[in-house]
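Here you get one chain, nothing else, as structure tokens; it is the form predicted alone.
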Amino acid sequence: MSIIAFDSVSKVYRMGSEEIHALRDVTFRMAPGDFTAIMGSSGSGKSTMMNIIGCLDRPTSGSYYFDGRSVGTLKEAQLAAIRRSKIGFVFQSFHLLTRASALENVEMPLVYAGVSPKKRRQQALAALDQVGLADRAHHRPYELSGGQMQRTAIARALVNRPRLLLADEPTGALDSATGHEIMAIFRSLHAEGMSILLVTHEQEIAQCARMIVHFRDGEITSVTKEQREEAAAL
């Protein structure tokens, strides 16, 4: 069973009398435990696809199945439950709470999930340790480097033990050396069985994935599935 399945998915936005076709009849599969990169220029449809996968938007037509479940007919509360418990999000700009410590930032999804203080602290510390940041647990974002802030964001995405990790340009705000360190974390998570889908405009970053999907004008133009030797060099 696929963790992500698109069947003839289209997305149309209406701006006055004009229709913008962001996705055009997209069919796509991603297996559990896979590592996929989505590439494409601005306006190609990759961000729209990411939003639908993350249950932040709905298709205009076609069907989307997440982990075997049809998403299109779910109510907002059900979509929120999927986002909260089954999908971890990592963004280019980190989205950390500036007055909260790294530990408190990582705990936030567990607070919304109603987890007890003792248990959420244990899970948050374990997630920070998983990304090599346990020794910075009580530092606030302004006391962390860019790479450390992104590690914190990754730990926050992992703390609920999601089925899928979605990363939108996760190295876009980092220098190349730090970006490689972040991608090493993603490769390690993938080796442990995590399903990862990332959006990137950098070919070198995309090479870390097992599958690269290229978008243009709302359509998939190519899918490359073989493992690349270059990934080992990063």
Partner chain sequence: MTFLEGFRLAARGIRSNLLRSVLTMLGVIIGVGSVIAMVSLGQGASAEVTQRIANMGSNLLMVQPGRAVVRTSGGTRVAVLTVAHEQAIAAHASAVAATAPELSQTANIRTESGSHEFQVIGTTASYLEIRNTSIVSGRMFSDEEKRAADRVVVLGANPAAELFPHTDPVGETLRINQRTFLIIGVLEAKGDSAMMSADDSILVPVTTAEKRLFGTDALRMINVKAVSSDHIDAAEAQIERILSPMLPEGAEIRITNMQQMLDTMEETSMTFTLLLAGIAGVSLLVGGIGIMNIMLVSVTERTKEIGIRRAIGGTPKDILVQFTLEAIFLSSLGGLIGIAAGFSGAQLLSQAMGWAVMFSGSAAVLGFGTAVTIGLFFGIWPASRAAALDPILALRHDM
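Numbering follows the first chain given and starts at 1. Bear in mind that the values here come from a model prediction, so they are computed numbers and not experimental data. Only the largest set of C-alpha atoms that superpose within 1.5 Å between the two forms is called the rigid core.
The same protein also exists as the form predicted together with its partner chain; that form is not shown, yet it is the one meant from here on.
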Practice item. State yes only if every one of A5, H21 and R24 has a non-hydrogen atom within 4.5 Å of its partner chain in the predicted complex; otherwise state no. Key: no
Check your understanding: Does Y142 make contact with its partner chain in the predicted complex, using a 4.5 Å heavy atom cut-off?
Key -> no
Exercise for review: Would you check, heavy atoms only and a 4.5 Å threshold, whether I154 touches its partner chain in the predicted complex?
Suggested key: no
Check your understanding: Taking heavy atoms only, is A184 within 4.5 angstroms of its partner chain in the predicted complex?
Key -> no
Practice item. Decide whether A134 counts as a contact residue for its partner chain in the predicted complex under a heavy atom distance cut-off of 4.5 Å. Key: no
Revision key, fill the gap. The listed residue (R99, H138, K119, R161) that reaches within 4.5 Å of its partner chain in the predicted complex by any heavy atom is R99
Review point. Heavy atom within 4.5 Å of its partner chain in the predicted complex: which residues of 41-70 qualify?
Key: N51, L56, D57
Review point. With the core lined up, does the C-alpha of R99 move 2 Å or more between the shown form and the other one?
Key: yes
